[in-house]
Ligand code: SAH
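One chain is shown next in structure tokens, namely the form predicted on its own.
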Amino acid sequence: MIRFVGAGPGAVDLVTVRGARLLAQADLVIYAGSLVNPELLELTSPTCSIMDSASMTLEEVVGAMEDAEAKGWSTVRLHTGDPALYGAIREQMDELDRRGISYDVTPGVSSLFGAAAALGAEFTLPGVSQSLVVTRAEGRTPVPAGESLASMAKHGCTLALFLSTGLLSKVEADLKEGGVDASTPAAIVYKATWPDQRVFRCTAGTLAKTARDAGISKTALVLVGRFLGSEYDRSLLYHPGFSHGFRLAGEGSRAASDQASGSAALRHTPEMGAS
């Protein structure tokens, strides 16, 4: 069995409990050495074989998996963040399907959320942005037609850019073409949740200069949008004038009183999203 595991954004204690358990049980770990915190490998057993995939091709990675499977080993393919985001796992899974090798995926905490935590930010603020666009700038690797950064920027949503730190002059031009004002708040979060994490707040028009002055050219997430500003509308979820399936408008004080007195009905009801 091949276990694709999301390593999380960087901090060792942000790998999931399941991911840590699979690492401890693995006979072979193939990890994305240029991105994954190597301290995670300390969770493996002393007899576990370790392979760094940074210099390997797809064929070499899948070949190593196939060899391990023939030995009856348990293999962990350790990807940074969550493997579903820019993890190139589909092509690996397709190759495993062709070979009749079973696999599963353990999700991980994306650096996207590690960056939000570092900024103390919420991507979806009422009256500001209720949508998040996760994308990247076009460089040596093209993007599909219709998914250029300029076209994405036209929606006015919160923007999270992966794999774009070395292309920030182009990013600025694309944002401008998409109608994003140069004064729009932005941030560059370098190695979110790692011990050497660094956060740089700037604007859409100063991204390139900010990165250049800080000496940052990779391993960073770029965030752009008014969610980084100070203005937003209050959420309706806890607003006393808003009714939903578990509370009528004007019942806020009574509900608080009931919960304080130990009302099981209120204490165990799930919160319904509203904004």
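Each residue number is its position in the shown sequence, starting from 1. It should be emphasised that the depicted structure is a prediction, and the values quoted were computed from it without experimental measurement.
Below, we refer to the form predicted in complex with S-adenosyl-L-homocysteine (SAH), which is not included among the displayed structures.
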Applying a 4.5 Å heavy atom distance criterion, does Tyr86 contact S-adenosyl-L-homocysteine (SAH) in the model of the complex? yes
Does any heavy atom of Leu221 come within 4.5 Å of a heavy atom of S-adenosyl-L-homocysteine (SAH) in the model of the complex? yes
Find out whether any non-hydrogen atom of Val189 is located within 4.5 angstroms of S-adenosyl-L-homocysteine (SAH) in the model of the complex, and reply yes or no. yes
Any chance Ile216 has a heavy atom within 4.5 Å of S-adenosyl-L-homocysteine (SAH) in the model of the complex? no
Tell me, out of Thr80, Gln92, Thr106, Thr184, which residue has a non-hydrogen atom within 4.5 angstroms of S-adenosyl-L-homocysteine (SAH) in the model of the complex. Thr80
Heavy atom within 4.5 Å of S-adenosyl-L-homocysteine (SAH) in the model of the complex - the one residue of Leu132, Val199, Ala117, Leu163 that qualifies: Leu163
Thinking of S-adenosyl-L-homocysteine (SAH) in the model of the complex, which stretch from 142-150, 95-103, 190-198, 171-179 has heavy atoms inside 4.5 Å of it? 190-198
Scan 21-50 and note down the residues that get a heavy atom within 4.5 Å of S-adenosyl-L-homocysteine (SAH) in the model of the complex; none is a fine answer too. Leu35
